[in-house]
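Only one chain comes next, encoded as structure tokens, the form predicted alone.
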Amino acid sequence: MKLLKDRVTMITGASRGLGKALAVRFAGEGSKVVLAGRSYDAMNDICRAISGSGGEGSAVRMNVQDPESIRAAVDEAVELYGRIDILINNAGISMVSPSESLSYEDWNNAIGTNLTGVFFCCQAAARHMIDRGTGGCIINISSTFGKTPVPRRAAYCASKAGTDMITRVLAAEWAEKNIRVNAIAPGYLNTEFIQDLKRQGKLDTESLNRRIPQGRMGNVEEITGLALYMAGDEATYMTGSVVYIDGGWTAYGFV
């Protein structure tokens, strides 16, 4: 039996990497998926692949730094499928800079995408969930860097620590409305982004792997299973949790 039969899931930043993997996994479990982001053509390609495998998916344009764009995308998803049962806030950017030279623009870009965008996506989806009266599930994709301080990543670490706190606040506030809010905080994942950095000589993956207690980066499939559990009926008493899945990174305290 499919675990998410007839449910509707909206996933931001779904054109590649973890977002793409989440869309494919959730569609495979019976959910209709709405891929939201700026890379419209790439998301449409994913939707065609999902349809070819017997699933159902649609792409909508969204800029998470623009609250009006967020509201319009959520409204479009509700128009398409009648509701949103699950929201996964996956959209995010990295930001690496010495703190003494980090620009105002770069700070705002990281905070606007990784924190402000998460809040207003939660707000827009929750309004529909509250109006419908049946509740829902929100999963925020955070990071181990929301817990462990890392040099030259002040904006990124601040945005992810803020995401963790937003998760807890909204979970407490919306519990009475039957909306569960949790977060997944992955460590390094072997995504296209990481491979791009490796090819550009900006990341020494061998050195990085030696710093991870399990000796390797994670795969996106190791995250999608946890997201599927959080979204499903076996996690109905789970809200306000931030779950680290990082090969032991936070347990060991590496930076």
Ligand SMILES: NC(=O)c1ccc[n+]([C@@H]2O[C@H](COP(=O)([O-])OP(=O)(O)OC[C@H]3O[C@@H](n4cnc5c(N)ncnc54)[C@H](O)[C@@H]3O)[C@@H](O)[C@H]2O)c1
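This is a predicted model, so every value here is computed, not measured. Position 1 is the first residue in the sequence shown; the rest follow in order.
There is another form of the same protein, the form predicted in complex with the named molecule; it is not shown, and what comes next is about it.
Though the partner is left out of this view, residue 113 does reach within 4.5 Å of the named molecule in the model of the complex, counting heavy atoms only. Although the partner is absent here, residue 17 lies within 4.5 Å of the named molecule in the model of the complex, judged by heavy atoms.
In the model of the complex, residue 58 stays away from the named molecule, with no heavy atom inside 4.5 Å. A residue is said to contact a partner when one of its heavy atoms sits within 4.5 Å of a partner heavy atom; residue 154 fails this definition for the named molecule in the model of the complex, lying far away. Only one listed stretch (129-137, 174-182, 71-79, 88-96) carries heavy atoms within 4.5 Å of the named molecule in the model of the complex, and that stretch is 88-96. The single contact residue among 227, 64, 27, 47, judged by any heavy atom lying within 4.5 Å of the named molecule in the model of the complex, is 64. Contact residues in stretch 198-220 (any heavy atom within 4.5 Å of the named molecule, taken in the model of the complex) are absent; none meets the cut-off.
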